[in-house]
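Below you'll find only one chain, the form predicted on its own, shown as structure tokens.
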Amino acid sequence: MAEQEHLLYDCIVLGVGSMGASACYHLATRGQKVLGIEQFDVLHTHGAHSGHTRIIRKAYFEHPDYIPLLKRAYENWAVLERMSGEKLYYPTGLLYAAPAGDLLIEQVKASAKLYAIPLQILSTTECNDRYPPFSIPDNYDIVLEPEAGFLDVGKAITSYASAAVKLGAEIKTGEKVMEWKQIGDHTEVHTDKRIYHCKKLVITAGPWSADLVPGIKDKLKITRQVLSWLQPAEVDAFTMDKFPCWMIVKPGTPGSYYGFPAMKPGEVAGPAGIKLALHHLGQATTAKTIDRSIQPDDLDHLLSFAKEYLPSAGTTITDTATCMYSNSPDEHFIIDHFPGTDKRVITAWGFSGHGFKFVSVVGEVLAELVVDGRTEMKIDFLSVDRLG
């Protein structure tokens, strides 16, 4: 009986990556007895959070209902910085550029107007003068979001996990969940090491969610995404005190290219040079079968883009990496109670390559759904019901 009581938790979180670490922390702040279970380490390269840095922005063109969540996310990131003593958010600004009339720029402006988010409108001459490494065509619309920037992924995750443990949460790594099932008013979680019991269950397994959330395999599309780092000959022009993050639309290429300033030694962990990638769904794969090798075709279009829009970035690739997008059918998140579980199981999946900036608020939302059964934050548009 004592062993069973020891293994009974108020809430178990399956998957302690970015969302799971935040959920463990926010649950622990509410006095919950929490267990997080992670099949790898808290930081690993088998999910969706590899790549060291992620953009954070408020003028959200994907859907305006994300913006109130983002405002709260910014507040929560600031709290985590103060609490951990770690630098997590770097306000470099974010430059958006696209051919005149492109929907991206129009939606950025509309979202900014709706929520009074500061933007600066730049001509191509002003842009290229302010940021000499850019070579933006004359027929482009350009806006700068000064309050955007990027987050340090590794420090963000470990800060949340460490803070959760300090508050009494348990986090077990190297332990694989085999199944979970509801029995009476409790849920059993079977791992490859033992059986645990909990009153509430949260599943934040990223690209591994299809193995743990019944019925979503045909709705969750996993894609392989390639990241690259280029080493400019004159790197000083690309450092974050002189150069912003950016998103640029190239005609004929779906999605948008994006990138980050070059980091000085000791600033942020990761390869040298400027990070460059394409935000668009890559090759379909699964979390278990993803091809981590890099082929010339993976890089040719990135180098072609750099040659045209960032000519002084050069063509010397210092490093590459692969990560995964976990895409919902409409590329919006799913944060909801799992149907048929009497609100005792909550799932968060389908973050579709734009979720990391929300980590600090998603954890809070999940904790509220566990403890209160509801949240005051606007997440109706993220309901699972919309998928039919």
Ligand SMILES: Cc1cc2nc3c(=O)[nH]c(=O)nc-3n(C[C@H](O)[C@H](O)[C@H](O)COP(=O)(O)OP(=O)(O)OC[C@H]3O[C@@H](n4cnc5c(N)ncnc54)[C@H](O)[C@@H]3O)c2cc1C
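Note that residue numbering begins at 1 and tracks the sequence as displayed. None of these values were measured; they are calculated from a predicted model.
The protein also exists as the form predicted in complex with the ligand; that form is not presented, and the subsequent description refers to it.
Engineer: Although the ligand is absent from this view, report whether V370 comes within 4.5 Å of it in the predicted complex, heavy atoms only.
Structural biologist: It does not: once the ligand is placed as it appears in the predicted complex, V370 has no heavy atom within 4.5 Å of it.
Engineer: Taking heavy atoms only, is F356 within 4.5 angstroms of the ligand in the predicted complex?
Structural biologist: Contact check for F356: yes, within 4.5 Å of the ligand in the predicted complex.
Engineer: When the contact criterion is heavy atoms within 4.5 Å, does K176 count as touching the ligand in the predicted complex?
Structural biologist: Output for K176 is yes: heavy atoms within 4.5 Å of the ligand.
Engineer: Examine Y325 and determine whether its closest non-hydrogen atom to the ligand in the predicted complex is within 4.5 angstroms.
Structural biologist: Yes.
Engineer: At 4.5 Å between heavy atoms, only one of the stretches 262-270, 224-232, 180-188, 120-128 reaches the ligand in the predicted complex; which one is it?
Structural biologist: Partner-contacting stretch among the options: 224-232.
Engineer: Exactly one residue in A112, I294, L212, V143 has a non-hydrogen atom within 4.5 Å of the ligand in the predicted complex; which is it?
Structural biologist: The residue in contact is L212.
Engineer: Taking 4.5 Å between heavy atoms as the contact cutoff, choose which of A59, I346, I37, I334 touches the ligand in the predicted complex.
Structural biologist: Of the candidates A59, I346, I37, I334, I37 is the one lying within 4.5 Å of the ligand in the predicted complex.
Engineer: Which of the residues spanning 202-216 lie within 4.5 Å of the ligand in the predicted complex, based on heavy atoms?
Structural biologist: T204, A205, G206, P207, W208, L212 sit within 4.5 Å of the partner.
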